[in-house]
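Take a look at this single chain, the form predicted alone, given in structure tokens.
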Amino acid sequence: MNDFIDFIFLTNSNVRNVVIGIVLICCSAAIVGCFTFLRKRALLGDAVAHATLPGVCMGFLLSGSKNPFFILIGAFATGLLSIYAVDYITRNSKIKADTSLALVLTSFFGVGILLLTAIQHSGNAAQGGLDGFLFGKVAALMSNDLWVFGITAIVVIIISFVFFKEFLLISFDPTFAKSIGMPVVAIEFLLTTITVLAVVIGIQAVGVILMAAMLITPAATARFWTDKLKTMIAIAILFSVVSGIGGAYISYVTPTLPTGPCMVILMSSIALISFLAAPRKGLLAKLKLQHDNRNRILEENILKALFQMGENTHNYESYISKLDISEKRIFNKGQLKNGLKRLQRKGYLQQKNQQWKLTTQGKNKGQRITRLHRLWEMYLTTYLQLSPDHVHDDAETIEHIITPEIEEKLTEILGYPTVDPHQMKIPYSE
């Protein structure tokens, strides 16, 4: 409980450094990650993160200590070099981008592991804790580290907002950006630079192995909740900060657990919840939409069948049994029963002695579906020159998605036809 109070109220200076640092790191990674995600370069973050390890080791070898400034410079240099290595291999060989990413990632990481092993066996006492860069150890974030990484994170955030419009344009349409005179190459270089910086400053907390997850997962998760970039960035920052602080707290109270995996597990949990429960793009929402669409199509087919039966007898007031409806059109018995009950609840049908008839509202609905079906058949035979025998199935599908605007346009271009290709009357509303 004391640890929890210290962490929440920031009474301890070390805890304060951790929380401030993790917030800045998560914010910068989430912002840059959104642009990386939109540019479909998600794996680039993984390559950069792994490529920073030899830079971390070289920064340590040059300074003789875990000086955050030298480590930052070394990690930035090898991270930037990895990006240019990927681009160079892709442009000057038949190797595709994903393969070149794999080559660069494994090569740089292998060199980093080699250097790290050599340092650990060198007898240098200052190397203690250097392996924390593999999995992250935010609890070891000191005030000197905070100044270096914090200022760098603030610079990344400021650049992201100053050049927001430029980054947005090259993320969605670099060809148009180039056509209006925007220096696309320079803007891409700037975006690449801050991407590397965001990865470099995050390895202290998350580690080189899992940093790509904190770069891309918040952006991918936020995409489930919105279609607007500004809102997406705000949501990504929120999710990233929550998982970052949560992971840092777990690592703080349980020092044996590395920070990086804790943060990634929390972020992955948020991603899983979003994947399942996001209001419009989540799996549950999509399943519900599919279920609602199936029910709507079934109901419209029932109404159309009843309308056409009334059309044939010129009597819409007679009650019709389920058996007669099934003879007009094949329905699953259980689905037909449930569909009739739903239509009754909605006011489209009336029931009497297990028989059904259309209400005025139901007749109008059935009439419209029939009209759309026959209008589309007329369009296919008139403009696509299809045989009347080949248009029914297509009209069965299209009739359920034609909007009133399309319906109006169809009737105009067809000249308000009175019969369909089968010489069936096209029923218009009175």
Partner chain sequence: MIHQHTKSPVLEVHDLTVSYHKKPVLWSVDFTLPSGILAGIIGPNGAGKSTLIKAIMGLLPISAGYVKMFDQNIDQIRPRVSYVPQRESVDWDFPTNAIDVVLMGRYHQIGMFKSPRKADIDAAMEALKQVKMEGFAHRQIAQLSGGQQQRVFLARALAQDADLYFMDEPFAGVDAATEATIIEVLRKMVTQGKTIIVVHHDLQSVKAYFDWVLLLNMHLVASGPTAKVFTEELLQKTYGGKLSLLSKIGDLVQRQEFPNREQTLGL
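Numbering follows the first chain given and starts at 1. Please read all numbers here as calculations on a predicted model, not as lab measurements.
Not pictured, yet referred to below: the form predicted together with its partner chain.
> Does its partner chain get within 4.5 angstroms of any non-hydrogen atom of residue 279 in the predicted complex?
No, residue 279 stays farther than 4.5 Å from its partner chain in the predicted complex.
> So, residue 255 and its partner chain: in the predicted complex, are they within 4.5 Å at any heavy atom pair?
Taking the distances in the predicted complex, the answer for residue 255 is no, it never comes within 4.5 Å of its partner chain.
> Taking any heavy atom pair closer than or equal to 4.5 Å as contact, tell me whether residue 88 reaches its partner chain in the predicted complex.
So residue 88 does not count as contacting its partner chain.
> My question is simply whether residue 166 lines the interface with its partner chain in the predicted complex - judged by any non-hydrogen atom within 4.5 Å.
Yes - in the predicted complex, heavy atoms of residue 166 and its partner chain come within 4.5 Å of each other.
> Note which of 77, 83, 187, 241 lies within 4.5 Å of its partner chain in the predicted complex, where distance is taken over heavy atoms; exactly one does.
None of the other options qualify; the answer is 187.
> Of the options 179, 293, 117, 355, which one has a non-hydrogen atom that comes within 4.5 Å of its partner chain in the predicted complex?
Only one listed residue qualifies here, and that residue is 179.
> Among 179 to 187, 339 to 347, 294 to 302, 200 to 208, which stretch has residues whose heavy atoms lie within 4.5 Å of its partner chain in the predicted complex?
The contacting stretch here is 179 to 187.
> Would you give me the residues of 222 to 239 that have any heavy atom within 4.5 Å of its partner chain in the predicted complex, in order from first to last?
Residues within 4.5 Å: 223, 227, 228, 229, 232.
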